[in-house]
Ligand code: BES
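The form predicted on its own is given below as one chain in structure tokens.
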Amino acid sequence: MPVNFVISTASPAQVKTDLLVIPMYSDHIFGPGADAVDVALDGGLSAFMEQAVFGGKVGEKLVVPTSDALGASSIVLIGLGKREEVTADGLRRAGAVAAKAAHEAVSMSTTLASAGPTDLDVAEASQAVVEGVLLGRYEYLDYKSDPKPSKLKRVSLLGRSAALRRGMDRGISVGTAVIWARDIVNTPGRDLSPAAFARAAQRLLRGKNVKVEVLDVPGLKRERLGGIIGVGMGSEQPPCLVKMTYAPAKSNATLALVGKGVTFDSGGLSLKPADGMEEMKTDEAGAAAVIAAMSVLKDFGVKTKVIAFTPMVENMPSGSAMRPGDVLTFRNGKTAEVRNTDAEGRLILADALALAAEAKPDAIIDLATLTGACMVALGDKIAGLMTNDNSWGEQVRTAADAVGEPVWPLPLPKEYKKLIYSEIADIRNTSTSRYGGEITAGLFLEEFVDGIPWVHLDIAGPSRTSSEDGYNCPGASGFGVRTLVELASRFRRPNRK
């Protein structure tokens, strides 16, 4: 059920709404709108806060009785901590808290978008709050026999400025895109074949100023995409590749996006153990993030040309599956010995990266749920960043930090290349060592970017969450969508060496 967002200039004390959400800072310092509410309650707000021992710390929430003195049926105070330390991501998280508090409310009004410090742009704050509300309200209920979705239908941002509305509109676009990515990744593998994934992408991008081309198996063979074909051979569901092009008038730079789209990963003949396979319906999170981000570029008026490639396969064991020891030939002519069929993501990304490099973009970024090794190194909340160009890597990291999607740089030491040396092919798809698996995966991918500034983001950890965490709920997180949109919106050509 969609939510209708509006801007309202009504006083917080008078606005007619089921739930009024007011921000508060540390040490009982009132946030925007609290003074008007306190006056309407004859000074009762401060007294109630003291009685309830509510100090406005980050994450605190307090329900306040209205005593029928307000237009709102109920009030919720949300703590933000010290005002000078409030960030856009803090407001995003507060928006999610508000949405969860409003689960049974039909309407909600809030002054959260005006609660940032003076150096936080109102549009940025508004966008963050709206994203937080949408993502905090998110529930995946498609397979519930008796779903009980949030009743929230209308959200009013209280205030008056063009920036407030501009941020609201952007927040709706981005939040909706992240929700689409979450839905895709949460879909069981039986119901999301590569072909179904490609059709979903076509539907999403219709009317978004994005040209979509789908390569089926004959097209993959014609384009010599041996990695995608090899991984897809074991499944009854044929592989495909989706190419997307956003080409605004008078663009003077080109950015290439690549996303791993394994709709289900059994490991192939190198079969995963049962407890390692349970969450492998989520192995297309990189491709989902790329496609979702492409859907937002028109709304944001992005001036950069953006091309995207998402290989889509199902990795299954069968009599026709690729075998350990097989050799695959990729788009750029390089060959790889398949030592482990469960290291399939890099095999399909190799073809997609080679296609991206042929287009001669100014920079490339790929997103993939690539290795468990990255989760061992960085945990499940931080993506690993690897790059062949430090200025490009820093640009990506800045974009990720700006939208609250943490990444951390990892090295690409050339001396580790010997670990992917093959006696019978150019390279092998797994390391000869049990250590440094994330690094050798990155070195494998680097072989296909033809020296173009490139960043690899391993999102295996943050692509899904196992519990309630801010604006994330158990299941897919949609990680990467916001980073890609921010990156495309502010893209600068990297300083080539």
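Residue numbers here begin at 1 and follow the sequence given. All of these numbers come straight from a predicted model, not from anything done at the bench.
What follows is about the form predicted in complex with the ligand, which we do not show.
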Counting only non-hydrogen atoms, which stretch in 272-280, 235-243, 418-426, 380-388 is within 4.5 Å of the ligand in the model of the complex? 272-280
Of 212, 168, 375, 307, the only residue with a heavy atom within 4.5 Å of the ligand in the model of the complex is 375
Answer with one of 351, 265, 405, 366: the residue that has a non-hydrogen atom within 4.5 Å of the ligand in the model of the complex. 265
In the model of the complex, does each of 72, 107 and 155 have a heavy atom within 4.5 Å of the ligand? no
4.5 angstroms heavy atom contact with the ligand in the model of the complex for residue 472: no
Residue 343 near the ligand in the model of the complex, any heavy atom under 4.5 Å? yes
Can you tell me whether residue 460 touches the ligand? I mean in the model of the complex, with a 4.5 angstroms heavy atom cut-off. yes
Taking heavy atoms and a 4.5 Å cut-off, does residue 371 contact the ligand in the model of the complex? yes
